[in-house]
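Next comes just one chain, in structure tokens: the form predicted alone.
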């Protein structure tokens, strides 16, 4: 895979390159890629990967395999001829193009692949089994991050999902909001303290009939959240909308606000209100698009900055 660097970005430092090379050496040792035969089998890593593709996908041609696996056409041709001599694959001309052949595993090929597939599963399960469940989850999430960052084609079929609050979410949201607003706007720790106070009160006095929290999750990571809090029988408050920078542009903020509006209407509230600051332009655009109207604003000094606070209302 070729990684194209934007012209305004500096080349990675030698320390970063060395760290990534060290990881590559470590991981190849962990899963035995340096062994002559993968998992003590008769197959090399490349041969095993071709068998895997043929076992899990139908109608593949040599062109498909070469393109998807990045294999040299001559090398792949020799590998497939070897598989034919061993009676592991069969070929059938494509109806749409007789010049190309669809390649499939024979029963012998599936029998040869089955123990390799099981041994690979067992090897990875053994690596994970060294770790407690929480660390297993952390490791797999880190691997997904590597895949997402290095492979532009690795976008998930479902860009995100919304779910209810779970244990651990509150602490995560407090930390992430504190960090993000410090990084983006230079706000100090008093904002993090405010978030902690709001969410502590939400948990302590939570009334599921009138209140709700939504978590946006992407590839197992929390990437956004929002809350509806009861202010009175007639008025609900939308609070603490945020979306991680890595997940912006997917419509998560808009979707979270829509969930709040739908919930408030279903519960019979007459007004959904919120407080924000004028520098939060992306959030304000979402609120305006959803139909919120600016009802007042006032300068204030908070979180170490001079700000302009705004009140927005949506009549339901």
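Numbering follows the first chain given and starts at 1. Just so you know, these numbers come straight off a predicted model, no measurement behind them. For clarity, a rigid core is taken as the largest C-alpha set superposing within 1.5 Å between two forms.
Beyond the structure shown, there is the form predicted in complex with the DNA, which is absent from this document and is the topic of what follows.
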{"property": "Contact test in the predicted complex: residue 98 vs the DNA, heavy atoms, 4.5 Å", "result": "yes"}
{"property": "Non-hydrogen atom contact residue 63 with the DNA in the predicted complex at 4.5 angstroms", "result": "yes"}
{"property": "Residue 75, heavy atom within 4.5 angstroms of the DNA in the predicted complex", "result": "yes"}
{"property": "Residue contact check: residue 28 to the DNA in the predicted complex, 4.5 Å heavy atom", "result": "no"}
{"property": "The DNA in the predicted complex: contacting segment from 233 to 241, 192 to 200, 166 to 174, 88 to 96, heavy atom within 4.5 Å", "result": "88 to 96"}
{"property": "Residue among 110, 81, 121, 141 with a heavy atom within 4.5 Å of the DNA in the predicted complex", "result": "81"}
{"property": "Core-superposed C-alpha of residue 50 shifting 2 Å or more between this form and the one not shown", "result": "yes"}
